[in-house]
Ligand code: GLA
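The chain below stands alone and is given as structure tokens, in the form predicted alone.
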Amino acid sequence: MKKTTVILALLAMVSVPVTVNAQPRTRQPQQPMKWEGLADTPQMGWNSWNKFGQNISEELIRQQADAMVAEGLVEAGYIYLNIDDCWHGERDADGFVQPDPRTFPSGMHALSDYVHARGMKIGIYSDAGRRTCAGRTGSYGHEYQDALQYARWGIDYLKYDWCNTENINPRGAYTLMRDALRAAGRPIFFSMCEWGTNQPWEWAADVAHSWRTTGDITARFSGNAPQRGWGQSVLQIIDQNAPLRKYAGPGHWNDPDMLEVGNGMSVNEDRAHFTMWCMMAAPLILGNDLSNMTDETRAIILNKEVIAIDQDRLGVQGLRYKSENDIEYWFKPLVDGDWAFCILNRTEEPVDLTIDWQDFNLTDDEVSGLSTSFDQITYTVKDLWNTSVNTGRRNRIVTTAKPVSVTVPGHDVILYRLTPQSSK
């Protein structure tokens, strides 16, 4: 073919009109970014760390599992039995993490079967860093292997810590583990534990089912530790978690750390601690020795009416409405028009109060949009701890039609459930 002919042929090809599809490409729907349906209400269970720290074994876990059943905790909704730091051994030749053969000789799959056979779910712990907080094997660089291993063992819950994470991006690290858990194919609850350092409430709703908002708790009701440090008191943690209520809701919860009920505080303080976690729609993860509880501890953690405040399916974290002289007034909207009303006494002395309900006509503009409307609705008042109404007649029906006189003991609460009785 002559050179001129070739050039003409190429020009003809270039000049052929090309039809461009003007319609935008439609993206394929993405899979859910985390396992859905696992956290419609805040998680409930038990964790080994607060009481036992590094001193754990499969015998201990089996003992606590048996106690959860025998004490009625599973029936009350505490379904997760979570093994915290120090279960880890080393990785095998293929890089898969193994349990410590000295303390977990039967292996995690056998322990998982034991827990599942008792009607519970089992949780495990790891860390986004190279080592866990106690120096055991971390998940950094092995996220997909670890998630697959957990799925093979039958794990239902992962608490994922933030120690030894120098030069690691938190959002990237937690998203990576979320994706690894999803790829492993077993629904696993994902509990982020990076202590609120990187404001996870602003970005983690599609990453995890809950995220820590504070440093680690200790069995101390009042007093201060460093703002994001170790050993924070109950009151200090409440103050950090309370302003974050707009970020919490079904499927994604603020986590002000595990419970210290039964670990050395007074009964009043334990009751207040438990109540405030329920008012804040917080995870209820016990941290005491379930095989050796007092009657007072048992009565607190098994109060089903108080637990119902936490597990309310409306899923709204409570509002600290007013604070005067270290007396706080909290409201939490509930399903069917009910409200939880709590008075927290932060002082060490008992306080006598008169509750005039007309002082509390409020609208929850920030989250639910609901109003108490005490000027229009009369509510029946139910005392969920049976400790506070100074009527002299325990069975008398109390309503919001008239003011109520109460005594709030030091470092304690009163807690009412308000149910609409009539409209004015």
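The numbering used is simple: start at 1 and walk along the sequence shown. Because the structure is a prediction, the values reported are computed rather than measured.
Although not depicted, the form predicted together with alpha-D-galactopyranose (GLA) is the subject of the following passage.
Participant: So alpha-D-galactopyranose (GLA) isn't shown here. In the predicted bound form, which residue out of A299, A134, A76, V351 has a non-hydrogen atom within 4.5 Å of it?
Facilitator: That would be A134.
Participant: So alpha-D-galactopyranose (GLA) isn't shown here. In the predicted bound form, which residue out of F274, W253, Y150, Y125 has a non-hydrogen atom within 4.5 Å of it?
Facilitator: Only one option qualifies, and that one is Y125.
Participant: Which of these stretches, 153-161, 315-323, 235-243, 301-309, has heavy atoms within 4.5 Å of alpha-D-galactopyranose (GLA) in the predicted bound form?
Facilitator: Of the stretches listed, the one contacting the partner is 153-161.
Participant: Please state whether every one of the three residues W35, Y80 and K121 places a non-hydrogen atom within 4.5 angstroms of alpha-D-galactopyranose (GLA) in the predicted bound form.
Facilitator: No residue of the spot touches alpha-D-galactopyranose (GLA) in the predicted bound form.
Participant: Hey, in the predicted bound form, is D216 touching alpha-D-galactopyranose (GLA), heavy atoms inside 4.5 Å?
Facilitator: Because a heavy atom of D216 falls inside 4.5 Å of alpha-D-galactopyranose (GLA) in the predicted bound form, the answer is yes.
Participant: At the 4.5 Å heavy atom threshold, is E143 in contact with alpha-D-galactopyranose (GLA) in the predicted bound form?
Facilitator: So E143 does not count as contacting alpha-D-galactopyranose (GLA).
Participant: Are any of the heavy atoms in D85 no more than 4.5 Å from a heavy atom of alpha-D-galactopyranose (GLA) in the predicted bound form?
Facilitator: So D85 counts as contacting alpha-D-galactopyranose (GLA).
Participant: Does alpha-D-galactopyranose (GLA) come within 4.5 Å of any heavy atom of F221 in the predicted bound form?
Facilitator: Looking in the predicted bound form, residue contacts with alpha-D-galactopyranose (GLA) do not include F221, since no heavy atom lies within 4.5 Å.
Participant: With the partner left out here, which residues of 177-203 have a non-hydrogen atom within 4.5 Å of alpha-D-galactopyranose (GLA) in the predicted bound form?
Facilitator: Residues within 4.5 Å: C193, W195.
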